[in-house]
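Taking the form predicted on its own, here's one chain by itself in C-alpha cells.
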Amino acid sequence: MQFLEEVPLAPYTTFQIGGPARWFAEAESEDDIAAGIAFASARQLPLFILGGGSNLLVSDAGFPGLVLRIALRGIACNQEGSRSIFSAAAGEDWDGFVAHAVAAGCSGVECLSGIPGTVGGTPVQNVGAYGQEVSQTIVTVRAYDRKTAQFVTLPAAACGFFYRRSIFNTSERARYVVSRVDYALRKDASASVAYADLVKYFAARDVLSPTLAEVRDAVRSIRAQKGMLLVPGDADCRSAGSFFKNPAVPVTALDSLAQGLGIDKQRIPAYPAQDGEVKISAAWLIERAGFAKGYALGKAGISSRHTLALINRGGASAAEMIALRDQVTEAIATRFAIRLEPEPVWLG
C-alpha cells in the first residue's frame, strides 16, 4: 500500500473539479483500510474516504489530510431459500454490479442501473431511483468501526435508512468505513415497472411484461436522455447527477404553493412522503424559478437535458459551482419559501 503526496483529486470525481490531496492511498483489502486509518491517526491528519467520486465536490484548495480511496473488489452469491444473497466488495462499480445481478436473473436493483459510483456508497446515501432503493434489498453492511477499531457487520435495521439518508451520513457520519454490502435479490422474479417514466416507456413500445434486461436498458436509456448517464466526452456528464434532493413539505405547504402560483395543486409534481408530508419535484421548482436547461453562470451551468443536474461546462472551479448552487437555492427560497438541500458531499 503506497501513500502518495499532493495527488490531484479532480480526476477521481465526476465533476472533474478540485485541488490536490496532501496524502492519497488506495485500499485494496480490509487490512489496507485499517492501515490507512492508522496512518492518518498517527499523524493527526483529517481523513476522507473516497469511493467513485460521483457525489462529491472538492474544494479548489484540495484537502489537507489523507484521502483513502476504497478499491476492494469481488462479488459472490449464495442461495438462501428464495433469496439470492449477493456479497459485493465496496470498491465494485455499482452499475457493473447491477449488470451482474440482472445477468444472473435476479431482481431488486434493475431500476438502479446507470447510477455512477461504487457499491460502498450505496448504503451511505440509501441510493434510489425509478421506484427502487437499496434499503429494500440490503441485508447487512460490513464496515470498519473507527470508534472500536474493528470490523463489524451491521444488519439493515441498524443502518437507519430513510430517504437519501442512513446513519453513515447523519448520526454516525465518519464513524464507519464500508468494506462490503450484502443484498438479498429475488431469483426469476418479475422486474419492477412502477415508476411513471418506465410505465410510459414500455406503454409506448407495447411491452406488457418487460424482462430484467429490458428494464435495465430502459432505465439507462431514460437516464441518457436526461444527461444522467456518464458518457465520455459529454459535457452534461461532468456533474454529480441530481444535485438537489426533492424537498419534503407539509401538505398545507403544497396548498399554499398552488394558491401562490394560481394553479390547481394537481398540476404540481408531488408524491406522498412520510409523516403527512409530500415531496415536490426539485427540478420543477427550479424551472418555475426561471432557470432553464442550459443556463450558465461562468463555467458552471445547468445541464441542457435536466434542470436537476448542475454541470462543469469546462474548467469550472468549485467556487463557481457553489455560486450557482447558492443562486438557485436562494431563488427557490425567495419565491416559494422552500429550502433545497444539495445532495453532493463537500470536501475541503
Ligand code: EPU
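From 1 onward, residues are counted along the sequence shown. All values reported here derive from a predicted model rather than from experimental measurement.
What follows is about the form predicted in complex with the named molecule, which we do not show.
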Residue 163 versus the named molecule, in the predicted complex: is there a non-hydrogen atom within 4.5 Å? yes
Determine whether any heavy atom of residue 151 comes within 4.5 Å of a heavy atom of the named molecule in the predicted complex, and answer yes or no. no
Residue-level contact is defined here as any heavy atom of the residue lying within 4.5 Å of the named molecule in the predicted complex; does residue 30 satisfy this criterion? no
Is there a heavy atom of residue 253 lying 4.5 Å or less from a heavy atom of the named molecule in the predicted complex? no
Using a 4.5 Å heavy atom cut-off, which residue among 176, 183, 244, 97 comes into contact with the named molecule in the predicted complex? 244
Contact residue in the predicted complex, from 316, 308, 56, 66 (heavy atom within 4.5 Å of the named molecule): 308
Within 4.5 Å of the named molecule in the predicted complex, all of 238, 297 and 347 (non-hydrogen atom): no
If we take heavy atoms and a 4.5 Å cut-off, which stretch out of 300-308, 57-65, 42-50, 317-325 is in contact with the named molecule in the predicted complex? 300-308
Residues of stretch 213-231 in contact with the named molecule in the predicted complex (4.5 Å, non-hydrogen atom): 223, 226, 228
